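The chain below stands alone, shown as C-alpha cells; this is the form predicted on its own.
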Amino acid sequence: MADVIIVGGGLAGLFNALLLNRAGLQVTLIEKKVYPFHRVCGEYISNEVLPFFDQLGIDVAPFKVSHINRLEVTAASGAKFSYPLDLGGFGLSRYTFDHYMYQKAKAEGVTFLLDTQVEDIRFTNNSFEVITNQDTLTAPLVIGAFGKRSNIDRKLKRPFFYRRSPYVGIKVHAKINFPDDLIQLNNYKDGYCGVIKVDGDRYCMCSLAHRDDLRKYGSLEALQEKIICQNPYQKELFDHAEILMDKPEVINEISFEKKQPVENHILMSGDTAGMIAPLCGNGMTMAMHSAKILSETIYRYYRPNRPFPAQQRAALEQAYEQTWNQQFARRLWLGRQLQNLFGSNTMIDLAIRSLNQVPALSRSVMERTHGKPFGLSNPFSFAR
C-alpha cells in the first residue's frame, strides 16, 4: 500500500511525486497515457520557478530553452500593446518537460502506472480506494492532478463540471518567423492565440476558440481561416508556418470557473484545483507552485507508518486550503475577469488603448497576474 496515490501525471502530479518521494513517502502515480506525449498548453514558464528548480537540481539549460522578456497583446484591428517582462520566463514544451520529470521521478523511486485509467475514487473508513481499469489500490492520501476536466470530476459531482464551457483549446508546434524573446497573445472573435518559442527550433501556437464557431465552420482548418486569422498578426504567422505535428492537440470544454482545492478529502493540485486564464501565461508555474505548497503541507501533517487520525487529516486539509487560497485565489479571480475582455474585438481594443495610455495600469495588471520567485521552505526535508 502506498502512502499517497497521485491521479494524473502532468506537472502538478509529477512535482508532488518527486517531492513526496524525497520526503520518504511511498508514492504511486497513475497516468492514462504513456510518456512522452503532447498536452494543450501555452508552454511558458515564469522565472519565478528558478529558485525552486535550483533546490531540486532541475536544469533546463540542456534543452536550449528560449528566454522570454517581452509581452505583446494584439487585436484583430491591428492594435497592439507591448510590455517588458521584468522577471521574464522561458518556453519549454510539455512533451519535453513532462517526460524529463517522469524519468527523474522514476529514477528516484516513484512507482508509475502508465496507460491506466482511473474509474473512481472512494473514501471510506478514513482511507481511499482508487479503482482503475486494471486493479483497486488503497492509500491514506490521494492527490487529484488529473487536469482541466476529467471523468473523475463528474464522479465527484464537482459543480463546474455540470456547467458546460464553450471553450476549445488547440495547440500546434511549428516553424515560424518569430522573435525568440517574445510571448504574443493575438486576440480574435471569441478567443485568442498565444505564441512562444519553446525548446529546439520550434514554436508553440496555442489557441482558445468557441465551440459554436468550430461547429459553424465544421473543421479546425476552417476555424483557423475564418476566425483565428481575423487577427493580422496571427494570419501572418499561420500563412508562413511549417506545422511540425501530424495533427493538432485538442481539448474540449476548458473551464475557468472556481474550483475547490479539497473535494471529498482528495487534495487537488494544479489545474484540478484551479485553472488560471491562459492570457495570464502562468499555468505551468502555478501547477509547480501548487505542488510545492501541497507537498510541504503533507510533510507537516503526515508521517509514514504512523497513525493518521481523522482530526489530523482535517487539519491537513484546512491548512492546505488556506495556504492555496492565500497564494492563488485573488490571482485566479483576476484572471477570470480579464478572460471576459478577450474574445470581444471592441473590448480588447479598449483594453489595449487603456494599457498603452496608462502605464500604471499596465504595471498593476502584470503584478497581479504573476507571482514572485519561490522556493521550498525547508529544502532539507526534500533533499535527494
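Predicted, not measured: the structure shown is a model, and the values here were computed from it. All residue numbers refer to positions in the sequence shown, first residue = 1.
The form predicted in complex with a small molecule is left out here; the points below concern that form.
Asker: So in the predicted complex, are Gly9, Cys206 and Ser269 all sitting within 4.5 Å of the small molecule, heavy atoms only?
Answerer: Yes: Gly9, Cys206 and Ser269 each sit within 4.5 Å of the small molecule in the predicted complex.
Asker: Ala351, Val40, Ile68, Leu316: which sits within 4.5 Å of the small molecule in the predicted complex by any heavy atom?
Answerer: After the contact test, the surviving option is Val40.
Asker: Using heavy atoms only and a 4.5 Å cut-off, determine which of Pro261, Gly191, Gly89, Gly283 is in contact with the small molecule in the predicted complex.
Answerer: None of the other options qualify; the answer is Gly283.
Asker: Taking heavy atoms only, is Ile30 within 4.5 angstroms of the small molecule in the predicted complex?
Answerer: Contact with the small molecule, yes.
Asker: I'd like to know if Ile143 sits close to the small molecule in the predicted complex, meaning any non-hydrogen atom pair within 4.5 angstroms.
Answerer: Because no heavy atom of Ile143 falls inside 4.5 Å of the small molecule in the predicted complex, the answer is no.
Asker: Indicate whether Leu294 is a 4.5 Å heavy atom neighbour of the small molecule in the predicted complex.
Answerer: Result no; Leu294 lies far from the small molecule in the predicted complex.
Asker: Counting only non-hydrogen atoms and a 4.5 angstroms cut-off, does Ala105 reach the small molecule in the predicted complex?
Answerer: Ala105: no contact with the small molecule in the predicted complex.
Asker: 43-51, 322-330, 354-362, 58-66: which one contacts the small molecule in the predicted complex at 4.5 Å, heavy atom to heavy atom?
Answerer: Heavy-atom contact with the partner occurs in 43-51.
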